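The chain that follows stands alone, in the form predicted on its own, written as structure tokens.
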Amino acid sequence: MNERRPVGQVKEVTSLANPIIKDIKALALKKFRDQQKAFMAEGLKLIIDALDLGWTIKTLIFAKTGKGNPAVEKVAARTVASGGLVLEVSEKVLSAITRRDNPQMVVGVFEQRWARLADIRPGNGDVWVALDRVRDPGNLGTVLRTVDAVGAKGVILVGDTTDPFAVETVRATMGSIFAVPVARATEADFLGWRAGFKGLVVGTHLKGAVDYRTVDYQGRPVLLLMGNEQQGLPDSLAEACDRLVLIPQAGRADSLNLAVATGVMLFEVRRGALKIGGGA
């Protein structure tokens, strides 16, 4: 983003030609998200949660209708105090930024944050999800939200995947993008890390010989490895699994949507491995 922009202050912006607005709009494209190491998130509660979790906000944008709202004013004050920029904009500008006719009243621009694969050392009861070449932003966002919901530790993106910081992905996470660590790795780097993983690696596979409900997930770290939406797990990753499992189908469909299948698996793993409320 433009490094010469003023920080730690509040500005009123009404023009779509404003260079700061142009920079923010550009975050709709991965190229510019990568260049700026930033992304957008929408909604007051989500932004408050992000700040409470220690994320760095670069810019807060709010509609004129939010002026005087105590919660908005408090978030604006926190943004200014941390050296960020606060923009009060017209609904026209907010709609252009979010590409929505009825945008949320508040939008935040945050610094991206990635977990380092080398720093992931799961302990007993920890569950991580690895996604091979996930393509759909909605699927990735839903998986992140589900990982958050079941108390799993994080997600590893393997190979060429969709961007977790894309607007569509962030929306689908419903704020879980701020609570769930995300790492990324080439397949080769992932397999190298997996070689040192001291736990159970379980992959879903249409040719899996074991019903997912029959596996013992207790007493050890678990890595759940899920394949690409169209192709499933390639042989190189399937061979890296300790157990290949399948989710039996009762109807005509022979497979589940990636996010649904991941959710089914995670809740089964949770039942067997995560210590939540002292029970299964």
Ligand SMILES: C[S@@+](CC[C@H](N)C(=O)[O-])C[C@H]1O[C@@H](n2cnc3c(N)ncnc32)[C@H](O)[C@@H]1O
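Given the structure is predicted, the values throughout are model-derived calculations rather than measurements. So that there is no doubt, residue numbering starts at 1 and follows the sequence shown.
Below, we turn to the form predicted together with this ligand, even though it does not appear here.
Judged by heavy atoms within 4.5 Å of this ligand in the predicted bound form, the contact stretch among the candidates 30 to 38, 59 to 67, 44 to 52, 228 to 236 is 228 to 236. Contact annotation: V13 falls outside 4.5 Å of this ligand in the predicted bound form, judged by heavy atom distances.
A residue is said to contact a partner when one of its heavy atoms sits within 4.5 Å of a partner heavy atom; L258 meets this definition for this ligand in the predicted bound form. Interface residue remark: T169 is not counted as part of the site for this ligand in the predicted bound form, having no heavy atom within 4.5 Å.
Although the partner is absent from this view, T79 stays clear of this ligand in the predicted bound form, with no non-hydrogen atom inside 4.5 angstroms. Only one of A118, A71, L206, L191 lies close to this ligand in the predicted bound form, with a heavy atom inside 4.5 Å, and it is L206.
Along 45 to 61, a non-hydrogen atom within 4.5 Å of this ligand in the predicted bound form is carried by no residue at all.
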